[in-house]
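The chain below stands alone and is given in structure tokens; this is the form predicted on its own.
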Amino acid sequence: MSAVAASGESLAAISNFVFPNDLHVHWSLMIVLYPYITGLVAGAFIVSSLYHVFHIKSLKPVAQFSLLFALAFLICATWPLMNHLGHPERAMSMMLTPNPTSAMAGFGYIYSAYFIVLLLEIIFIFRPTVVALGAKATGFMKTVYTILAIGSDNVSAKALKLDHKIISFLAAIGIPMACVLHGYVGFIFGGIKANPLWATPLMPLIFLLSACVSGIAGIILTYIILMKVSGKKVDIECVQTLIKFLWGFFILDFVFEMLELFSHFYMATHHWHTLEALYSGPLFTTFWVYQVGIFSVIPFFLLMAMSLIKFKDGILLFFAPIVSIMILLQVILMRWNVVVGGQLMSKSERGATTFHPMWFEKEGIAVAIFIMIAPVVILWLIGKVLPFWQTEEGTETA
């Protein structure tokens, strides 16, 4: 009886003409998480580059932490893809025998190059700190710090000046690489001409701007939480600067998301009736109610108020984490509505279906939660080796 009821519910969720191969959503939670995690990486790296390249001095308190934040999430960036693959051991074949006409083949090279640049920048930024920590360490940790110091304990003014030049160079080339890393994901979707929801030149730009937004929001949230937990004083000027950058990037992100939708509406091509049915049907709640109504409009005005009005420190530190959480939820909803939403329409363009992820399947909710927790654990482990914060008096561990 339950099987019959379940079958009735699934049939009720299908509207009009839906082909049999359209009933199953092939790109599910893992493909939602993949661009979400890479976006956090790109956004966090840009925060660091605002200090190291553009010399925004007020961001100094989070400059080195944002690099470690990016590294922790970059380590886990491929996990959703590896889990999604039926044979993850074949992943290296894409890099060893690449197809130059395939956009997918580029990810392995982009990811590897960016990982190397990020790792080198962290090594050179932390080298003086690592040398100081290595001098006090013993046993295994001394070996670890020797490796991280690339075998050099030279911290003279001349050596540090050279390190600074290398850091500036790596940060400068890291910015376009971070943009390519995440803009490439938007390019993958934007290049699928058969899907009217995805096939737009704005898709790479929307993905990139949402990456900047999520990365900045992630840094604000983790910075305030860690400082509160450790009993340290939060740098208000740093938080205010991050809020202003977050508002600026979010203006662009939200405007381009709406422009992309309204351009479809204005042009009213033969695809519009399909998209209209999608946005007023399966995606109505997740897009209009949650992504736009709750997690875009409300944070927009909160960020505007916090950027233009001088609030008391306590009020700012109360609303900053709240608005950051709302922005992080907005971005993951955007990923969901693009990745999953684009697959809810039938290839006939005259029907739609629904998708509800399960908890304990291969690409289910439990696995997604585990993958999102993993970078936080890795970041905590990194904090046991390298300090998150740099003070005037010296180095402090996380």
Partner chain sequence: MEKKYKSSYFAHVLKLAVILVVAGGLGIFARGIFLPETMGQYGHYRGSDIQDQRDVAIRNQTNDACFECHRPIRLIHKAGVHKTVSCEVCHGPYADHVKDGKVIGKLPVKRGMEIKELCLRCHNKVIKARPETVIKVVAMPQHLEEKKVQITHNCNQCHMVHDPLLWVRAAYEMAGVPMKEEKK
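Numbering follows the first chain given and starts at 1. This is a predicted model, so every value here is computed, not measured.
There is also a form predicted together with its partner chain; it is not shown, and the following applies to it.
Look at 118-126, 224-232, 175-183, 284-292: in the predicted complex, residues with non-hydrogen atoms within 4.5 angstroms of its partner chain sit in 118-126. Of the residues given (S263, T269, T138, S156), S156 alone sits with a heavy atom within 4.5 Å of its partner chain in the predicted complex. This chain lacks the partner; the member of I315, L308, V255, I150 within 4.5 angstroms of its partner chain in the predicted complex by a non-hydrogen atom is I150. Taking the partner from the other structure, its partner chain in the predicted complex has a heavy atom within 4.5 Å of a heavy atom of T97. Residue contact with its partner chain in the predicted complex: I322 places no heavy atom within 4.5 Å of it. The closest non-hydrogen atom of V144 lies beyond 4.5 Å of its partner chain in the predicted complex. Although the partner is absent here, I236 is not a contact residue: none of its heavy atoms lies within 4.5 angstroms of its partner chain in the predicted complex.
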